[in-house]
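Let us start with two forms of the same protein chain, each given on its own as structure tokens and named structure 1 and structure 2.
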Structure 1
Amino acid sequence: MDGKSDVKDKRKMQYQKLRRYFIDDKDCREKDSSHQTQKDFVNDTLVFTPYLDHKLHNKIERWNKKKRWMKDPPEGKQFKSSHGHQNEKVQQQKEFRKKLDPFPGDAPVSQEKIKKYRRGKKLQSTKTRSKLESYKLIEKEERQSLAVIQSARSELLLQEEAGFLEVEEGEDITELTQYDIADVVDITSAQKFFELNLNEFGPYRVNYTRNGRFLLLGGAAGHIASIDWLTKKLLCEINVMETIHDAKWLHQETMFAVAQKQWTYIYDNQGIEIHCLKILDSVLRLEFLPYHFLLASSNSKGYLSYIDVSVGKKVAGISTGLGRLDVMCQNPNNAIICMGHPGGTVTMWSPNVKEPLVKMLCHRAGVRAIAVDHTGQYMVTSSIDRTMKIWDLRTYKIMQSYKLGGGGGHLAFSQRGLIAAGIGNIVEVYNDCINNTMTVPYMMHQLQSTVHGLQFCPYEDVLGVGHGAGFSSLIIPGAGEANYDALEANPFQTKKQRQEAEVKLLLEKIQPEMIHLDAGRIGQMDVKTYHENIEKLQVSRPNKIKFEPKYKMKGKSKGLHKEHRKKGVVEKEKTQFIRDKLKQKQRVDKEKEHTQSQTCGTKSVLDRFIKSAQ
């Protein structure tokens, strides 16, 4: 009890002192006296007070100081609070800044960058029926160009820079081995060069997930392995005891499809068989279209089929009649399937049309491999006659033709436009070979056995090569896109993010009917239907026929009979009119075609594939 009362007393005293302090402080203010008295008290309180009082005291002292300063400021300085003066000050600061900034205004953006982000052309005219609509159009156009500039400007925020490889004069780039590169680069990068010796069950097909994190290996003798290749962690490994023709990841690393000897199977990431797709038999190549959730497969009997993996239904099956289909790739930009044939032709397919959308003669000998770049602009093909050709898919014209050391059996495009070709047991990588003619490959690598599968790892400077003796991961500087978009493909995805992304993907599944050579078609004006409708309106109607049936005896001129006779004649006239019109139109069309074919001086090799010319 005593202790407690002691504490109480102490507190009471403290409190009184504090009060005194306050009162006296007030007095001080009133009296305008010097700080002598204050100081006394300060010392006094300091004896007693712990932290809190100390703080309080400091505050008060600061306030008093300020007050004193305000009352009689030191010479040369004056306390002013008028608004006018403040404005002046702000003005001065502004001017000062202006002087400092040698590049006033927004930083300029280069036209090249703007071109990269521009989608489609600017509107040619903003003429509309009403003035308001025209203003709206102009405003919209302005907003769009602003968005382009802003996205171009946002390049500044990108974190990474793409890889590169430069050699000094005298050094031979082709003699540079993977070991040399691995020696030079940092440890984490060096670990990206590795080889898996899997002699028993090869040769291997390779596939990376869309975010480049996981690797799927499918050995021809039945071995399947999925790996987190960066950490070298094995997800699953099984042997299906059957020939494997191809293996592909589905939309995420949770599922993959494997084309086996007879049927196609879908496994989950633990290697458990989820589905056996008996509608896909003797499949040779698989392609997965991630935005459509379509699994496209081509088989040895010339049958191309599309399966919607989100609902498990067959969307389309096309009997191509072009023999064994073992060369297939997808155009990632428009989800069109490209296939190469022994006759040297390349055909392009969509699930909506039973005939090829495009059929082009690319080589004089059989096509062995095709690849299309991710922008959908360029296609590279290789043939048994040792040629490799690069095509522009907007004009379907050849851009480059190269003679290789051997027939390129496998081709792959990297995200930054590098091309890898597997020629026998050699992998060659070409850089800058589309717009300029290259003379020397960018990199070369020799393997123990023949290449069986090639793919650049997305968002990494890595090329995965499956071959007879296993798998090699090669470092190719400058192959991968440096900056990923996490909402599109995220290599550092967590489980939760993956699950959310899956839901988003499914919600945004594009229907197979929307697959078209021009992927942005849906956003464009439907000019064709418009013209058709206009034409329909303009089709002239037959003139009214005035026909009065003759009077006939024997009750044949009763009202109804007469009407029937009249109708018959009128109908006949009408059909005749329509027939004449059609004939006339056909004649005009033919003439037009004829004149066109005559006026076209330059003939292309591909003209023979135009339908009407045949």
Structure 2
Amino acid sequence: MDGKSDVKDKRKMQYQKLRRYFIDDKDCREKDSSHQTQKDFVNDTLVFTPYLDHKLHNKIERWNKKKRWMKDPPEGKQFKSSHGHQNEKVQQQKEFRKKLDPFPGDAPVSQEKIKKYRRGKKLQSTKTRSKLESYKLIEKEERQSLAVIQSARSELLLQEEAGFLEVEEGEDITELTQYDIADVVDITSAQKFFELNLNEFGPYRVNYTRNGRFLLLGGAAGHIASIDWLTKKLLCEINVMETIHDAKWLHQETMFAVAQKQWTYIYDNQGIEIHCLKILDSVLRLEFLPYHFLLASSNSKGYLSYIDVSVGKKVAGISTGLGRLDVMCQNPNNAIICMGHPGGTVTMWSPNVKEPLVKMLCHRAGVRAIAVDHTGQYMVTSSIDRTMKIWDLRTYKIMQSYKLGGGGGHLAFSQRGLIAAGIGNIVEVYNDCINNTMTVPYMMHQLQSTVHGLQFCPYEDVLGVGHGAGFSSLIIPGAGEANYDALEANPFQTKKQRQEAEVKLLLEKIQPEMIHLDAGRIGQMDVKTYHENIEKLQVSRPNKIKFEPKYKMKGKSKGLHKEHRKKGVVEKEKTQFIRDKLKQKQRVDKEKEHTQSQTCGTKSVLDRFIKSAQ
């Protein structure tokens, strides 16, 4: 009975739902209340009263017809809603979905752009220790490849474009002066050309920060000034009352190092002395390695020193034995220090080796200036013999040789491959002179006095020149990168961003042991040393002993007892192996002593010096 009553309740609910859904008018409801429904559950069907059955049937037929028309309307007709207006929105959506995309998928990216942003070759996932590590490596490579494609695709969104200055036929580009360029360009660019007249404390050494926002000036007569050169705001200005040989920014614009007459000092951006590095005396040139936090210095006694400024510790000190070291620069790609010498040679140094890694004979006369581009592939040198040579550091072969009007005392590479040379009181800039031979410089500018320092401002088309009469900021179109990476160097960073960048640099600090001539070999395996270690392990380790104890009665063959017996046999074999090795070593030592005594003949008092030397 319970089962039948449940079926009846279900049928009643179904009927009530149908009646509410399909019967809307009052007349039907009134008639529905006056007529009684008939139920027949014999064949599991619900039988309505004749009037209601006909009414519901018509309603259901109309509703089904309406649904068919909505899904697939006949040709030339459109579905009309109950309100009487055409459902145009539904039709438009259907037509839009039916249209095929003429350019399916993501927009294609050229392989040249992808190659520009790619970072080396992919790693092989088959050489991992476990499947989990291989899956992780595959996911990492996929993320990197996606980042490369997105970087190449987002290049369209970059705001600035790089370009060089071009003139019409028959015009000489060298006749264009800085005043002509400043009159033509916009107001913001015109303000980048300015001159500071500082006649009393020159000549000046110049240095820009890594983001190109701040400028440091160091006069030979003791004047030091740090400037936000874009806004022309003076950060600090002091006079140390001592000769200054060089000045360099450290990892941030909050500190800078100054090589003074006797020692090297570190100041903050307010001009307050923080440290006095007495271990760096008589320094002539300074170079700061930002990723290693190393301050490299060369002095007048031929001594090269490395100081870790993050901990204040001396990392290395090398006596070159090559005389006065007043020509020095760094390779930004691998942090190798390059130095020029009076004999025409150029040497390359690392803090891990006491001897030069490379020694090149570049000129027949003394080297006056060196510069290396940011890719670490090309090096330019100038000499007293008025020659400027460009070298390929991958093959150490000469690419171009130019004859200058005088000895190039200072050289500088820009981010876009331009080369600036300071010849007396004239600054010459050369464009595309590495792969092609140029006969005329790209730009020229004459100063009031002799050039004493050159540097291109990063991410700006500006060349900073320090000379005896002060400082000059020159506009060089196409010199700097048009767009900057804010995660690497942000010229408009806030105080909070600067603090976070400093912490990140310290966390990602590279140890001095990682400095190598070939930066690509750091992640590779030293195959020779690996094979030697494997051979030593194979010789020093005894062979594996396969010993299975015999079965014994009375519980003596239990698991623990068997393991104890195995261990005893293995230990016994190991001790015997070690004894044999010691005996063999003693025998070899005796044979060496016997051969040495035969070669030496009669013993002498000086034999002890021979043994110590060996």
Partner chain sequence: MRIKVLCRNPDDYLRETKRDIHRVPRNYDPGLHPFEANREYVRALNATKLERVFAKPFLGSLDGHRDGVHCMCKHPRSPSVLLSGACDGEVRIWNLAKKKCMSQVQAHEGFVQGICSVPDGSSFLTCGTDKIIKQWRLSPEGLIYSDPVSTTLGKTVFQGIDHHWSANTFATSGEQVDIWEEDRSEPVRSFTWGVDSINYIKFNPVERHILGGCASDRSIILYDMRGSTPLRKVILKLRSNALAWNPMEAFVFTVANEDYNLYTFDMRNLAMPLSMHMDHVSAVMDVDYSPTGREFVSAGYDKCLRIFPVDKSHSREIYHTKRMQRVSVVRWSLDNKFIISGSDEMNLRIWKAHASEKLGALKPREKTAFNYNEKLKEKFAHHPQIRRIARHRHVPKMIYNATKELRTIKKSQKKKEANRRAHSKPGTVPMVAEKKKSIVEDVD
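Model, not experiment: these values are computed from the prediction. Numbering for residues begins at 1 and runs along the sequence of structure 1. Heads up, when I say rigid core I mean the largest set of C-alphas that superpose within 1.5 Å between the two forms.
K.L.:
Two forms of the same chain here; which is the form predicted in complex with its partner chain?
P.N.:
Of the two forms shown, it is structure 1 that corresponds to the form predicted in complex with its partner chain, while structure 2 does not.
K.L.:
Could you check, with the core superposed, whether the Cα atom of Lys397 shifts 2 Å or more between structure 1 and structure 2?
P.N.:
Moves: no, less than 2 Å.
K.L.:
Is it true that Gln111 shifts between structure 1 and structure 2 by 2 Å or more at the Cα, once the core is aligned?
P.N.:
Yes, its C-alpha moves 2 Å or more.
K.L.:
Once both forms sit on the same rigid core, is the C-alpha displacement of Arg153 at or above 2 Å between structure 1 and structure 2?
P.N.:
Yes, its C-alpha moves 2 Å or more.
K.L.:
With both forms fitted on the core, how large is the C-alpha shift of Gln576 between structure 1 and structure 2 in Å?
P.N.:
Comparing between structure 1 and structure 2 after core fitting, Gln576 shifts 24.7 Å at its C-alpha.
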